[in-house]
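Just one chain is shown here, as structure tokens, and it is the form predicted alone.
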Amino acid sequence: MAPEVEVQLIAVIVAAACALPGVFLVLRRMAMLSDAISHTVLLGIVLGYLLTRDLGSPLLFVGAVAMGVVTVALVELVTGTGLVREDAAIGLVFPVLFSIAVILISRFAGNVHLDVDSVLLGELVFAPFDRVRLLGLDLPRALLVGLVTLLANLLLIGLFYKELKLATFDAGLAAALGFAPALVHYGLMTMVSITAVGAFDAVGSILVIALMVAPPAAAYLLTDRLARMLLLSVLIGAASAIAGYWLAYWLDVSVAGAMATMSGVAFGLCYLFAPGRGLVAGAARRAHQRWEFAQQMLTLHLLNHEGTAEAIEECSPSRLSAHLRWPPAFAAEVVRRAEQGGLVQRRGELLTLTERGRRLAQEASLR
């Protein structure tokens, strides 16, 4: 398999693995915990190395995952005091833990391959050079780790889908039904920590954050169904990874940076053009509601003066602007739309209600 294909495959698998737990972080309004965890796991790795003096020891992985859970516990401990909000607690906890890791690296592991820049930014193009053999296959280590992480996330979400869904949307009901939302919460945070640890060695913590937040946030704008949101998050993350690789290839820039950029672009496109929640759809909906309300006001005005002596004055198209205090162009457009919608009709110099328009005005008057 060509190295460029392996790089894209690693990126797609990592994107999918990050998107799955990211959906629940976004829904729980805890997206920035991914930022904290992806940084503080470095302290777990450093402590594991200082204990074993072996970069290949499994204790590094265990320490990193444990530090991610510790980060969550510390954030909740600080938040539980009631003195600061959760976002401030995250901003307090993770810089301290990450800074301790940086100090320990510079003081005790300066001659070891624990480079802070590589942890933050990663370098995907080097991933195919670190290889392992499995079942007779020669595979990049990052590909194997990413695939195991993805399968583990799929398995856990599949097994505990109902518990995760209920604890995410209604923790009180989950507790009443005996689902232990605190246990579900820490299980999810452990999943996030494992995903961050499994991914950031190849792609760096910055891309882990981008892939864990941007695709789920974009999917949230596209659907209200959890299962569909999970699928869309994976697809958007994978598409962002591939698009980012080719953007980096064409511009000769950082692959991880380009992928993070494309995940942001994907979110931006959904933010603007999502059918239900996008800015464009929202603007169109507000404009439509404005015209609907104006037509409703027109029908009420005509109903109030229907059959009265002042109807000739009040119901004349040329006088509506003055009586309803509308600009002339706006009044003319409202009349045109009302005529097209079958709400009013012209009879000489008068506007009269159709049966449909009369029903609309009567329903509006009863509200």
Partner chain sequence: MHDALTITDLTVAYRDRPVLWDVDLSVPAGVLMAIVGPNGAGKTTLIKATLGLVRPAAGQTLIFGRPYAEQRRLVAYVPQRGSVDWDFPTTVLDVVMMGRYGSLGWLRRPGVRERDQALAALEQVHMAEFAGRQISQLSGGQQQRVFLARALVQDAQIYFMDEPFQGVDAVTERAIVAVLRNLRAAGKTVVVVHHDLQTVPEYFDWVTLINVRRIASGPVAEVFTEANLRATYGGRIAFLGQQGAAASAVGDLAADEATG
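Residue numbers count along the first chain shown, from 1. This structure is a prediction, so every number in the text was calculated from the model and none was measured.
The same protein also exists as the form predicted in complex with its partner chain; that form is not shown, yet it is the one meant from here on.
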item	value
Triplet 42, 107 and 261 all within 4.5 Å of its partner chain in the model of the complex via a heavy atom	no
In the model of the complex, segment of 333 to 341, 308 to 316, 25 to 33, 57 to 65 with a heavy atom within 4.5 Å of its partner chain	25 to 33
Among the candidates 173, 283, 134, 84, the residue which, in the model of the complex, approaches its partner chain to within 4.5 Å (heavy atoms)	173
Single option in 238, 274, 209, 184 placed near its partner chain in the model of the complex, where near means a heavy atom within 4.5 Å	184
Close approach of residue 226 to its partner chain in the model of the complex, 4.5 Å, heavy atom	yes
Exercise: residue 177 in contact with its partner chain in the model of the complex, heavy atom 4.5 Å	yes
4.5 angstroms heavy atom contact with its partner chain in the model of the complex for residue 76	no
Contact label in the model of the complex: residue 141 to its partner chain, heavy atom within 4.5 Å	no
Residues in 150 to 172 close to its partner chain in the model of the complex, defined by a heavy atom within 4.5 Å, in order	158, 159, 160, 161, 162, 163, 165, 166, 168, 169, 170, 172
